[in-house]
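A single chain, nothing else alongside it, follows as structure tokens in the form predicted alone.
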Amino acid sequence: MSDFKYKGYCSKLLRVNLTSQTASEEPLNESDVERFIGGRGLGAKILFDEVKEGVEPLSPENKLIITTGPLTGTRVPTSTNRFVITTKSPLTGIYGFSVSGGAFGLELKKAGYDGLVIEGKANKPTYLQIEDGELHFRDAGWLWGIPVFEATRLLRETLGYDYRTIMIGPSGEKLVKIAGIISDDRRASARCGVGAVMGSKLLKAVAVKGSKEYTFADPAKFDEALKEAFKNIGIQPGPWKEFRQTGTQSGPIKNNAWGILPTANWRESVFDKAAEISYPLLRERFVVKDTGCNQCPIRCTKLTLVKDGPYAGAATDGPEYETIYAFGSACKIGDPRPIIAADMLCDDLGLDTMSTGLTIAWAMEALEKNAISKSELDGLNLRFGSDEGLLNAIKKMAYRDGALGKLLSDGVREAARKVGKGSESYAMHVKGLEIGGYDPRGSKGQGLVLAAGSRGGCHHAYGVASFVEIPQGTATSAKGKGLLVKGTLRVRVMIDSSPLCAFAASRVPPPLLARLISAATGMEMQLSDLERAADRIATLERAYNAREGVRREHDTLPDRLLKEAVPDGPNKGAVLTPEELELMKTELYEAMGWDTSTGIPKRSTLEALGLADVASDLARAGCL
């Protein structure tokens, strides 16, 4: 019987060594959950402690860390299923994490674990079978090389459909640095190349089944807070009133109206076919069913089906906004059918749709500018608007096939480095991670999110500032954006560490989230405690990157966004100047207690947040 102080946790991690084919259960540290909560925070703590500076991301020394949180497995909307995968990213070389829904996180917790720490490398393709505290290393040679959908079907058919799985596709096996990990219900942990790390370990899949029950510290208080959350969702199911109908598929038309929809590899900020790839036309013509993550009441995901044309039969749980932007406006494709087909293909091959789409968009512009030739693209007509070129490029990238596959498979930063000829200026990434679809020339706080985010050019890690500053009418001003982003950062870190879906979290504000965590765990958690934990986690992430050599000058944006004015739309002529970006960075660093000359957390800040050990480690590494 565990004497762990808090409810809501299984009180143990499962450490798996693929090299020695051994596993051990380790007690969860009470101090770690008090300080880092779970999910993203706990993953960051383990990564900082165990994956030291200089470790090659695709070496056996890197680790794949899968964490749940105190609300995983509860009835809190969308928390039932959330889990986080943390690793050193092969795409960026720095801190990486990816959040996912589906049923895998719930099942892992039912099996008795708050997380898995997977290390080493198997000597042959392997999958892990976990059931209620028992682990088996199984041969995966018969699954190796098979795309995700079929491999998942075969594995669950063999083990039983009560197992929930995560799986890599051919791209992960080929160590493609934009490869993700896909769950059996087609939820993607896609960002940062986590699938390549899994492939480098010769780990094809993890299958888990459990039967343990969840217990609460204070069921009455938990139910009271839960009723409030469901009432909020009943009044407004998500970030906006119609969200249950639209999901994120209204993103293209909304961002187009705001003049921040990246188009033609970010040369433009409006797309004349935005309405054709957006809600409501998507719903009218392609959506066949409202779906969602396991036990989610919002049902924001849209099962779409192509019924005619060359892509007839293509179906996907989506596409979400970021996928529509990456394959649609960024590549100037205004027909939803190839976008749906591309989304399905990426899930089956195990690719990150955002990184894939932006890398292809870069190649389209590079071809147009004669920086690369058709022969370097295996003869593909990879021009803006070419759906045939898009789909063929995806296949080649997943398998590292031919000259095109070799050029594009490791993301846009590496492709531009190989090609040169000025193509680096329109390679749309930050620190190697292809950026999310909100043009910061029309939303300057969003520029700070992209530049300073802990995993590179990510719209998620520090929150979507556009949703705050555009309605406020402050989007074109750089002043005050450090404090604004500190606020969006805090909320997003709280959400990811609980963990909770960002869409549901708009109906579960931080004070209510603190009540839910307190009632579930028995941990005294006020809003101020949550905010302090978020500051601690974000500062730890920053410390990890500092140890890897990231400094203030690395918090920047592609040249296109700092040197070119918006050519069209509501923000025509707008720029985000380097001076404005520097001003916003200074504001954020000051707000977070990070050194304004280097971007490294100050010793005094680390000690005040209870991270004296991190300060000592940074001093040893020559960072303080």
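Note that this is a predicted model, so its numbers are computed, not measured. All residue numbers refer to positions in the sequence shown, first residue = 1.
Just so it is clear, the following notes concern the form predicted together with a further copy of the same chain, a form of the same protein that is not shown.
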With the cut-off set at 4.5 Å between non-hydrogen atoms, does Pro219 touch a further copy of the same chain in the predicted complex? no
With heavy atoms only and a cut-off of 4.5 Å, decide whether Asp185 touches a further copy of the same chain in the predicted complex. yes
Are any of the heavy atoms in Ile146 no more than 4.5 Å from a heavy atom of a further copy of the same chain in the predicted complex? yes
Contact between Arg164 and a further copy of the same chain in the predicted complex at 4.5 Å, heavy atoms? yes
Thinking of Val117, Lys124 and Leu202 as the candidate spot, does a further copy of the same chain come within 4.5 Å of a heavy atom on all of them in the predicted complex? no
The chain here is shown without a further copy of the same chain. Which stretch in 526-534, 430-438, 313-321, 540-548 comes within 4.5 angstroms of it in the predicted complex, by heavy atom distance? 313-321
Listed residue (Ala275, Leu483, Leu154, Ala257) with a non-hydrogen atom within 4.5 angstroms of a further copy of the same chain in the predicted complex: Leu154
Can you pick the one in Lys289, Arg417, Arg383, His554 that has a heavy atom within 4.5 Å of a further copy of the same chain in the predicted complex? Lys289
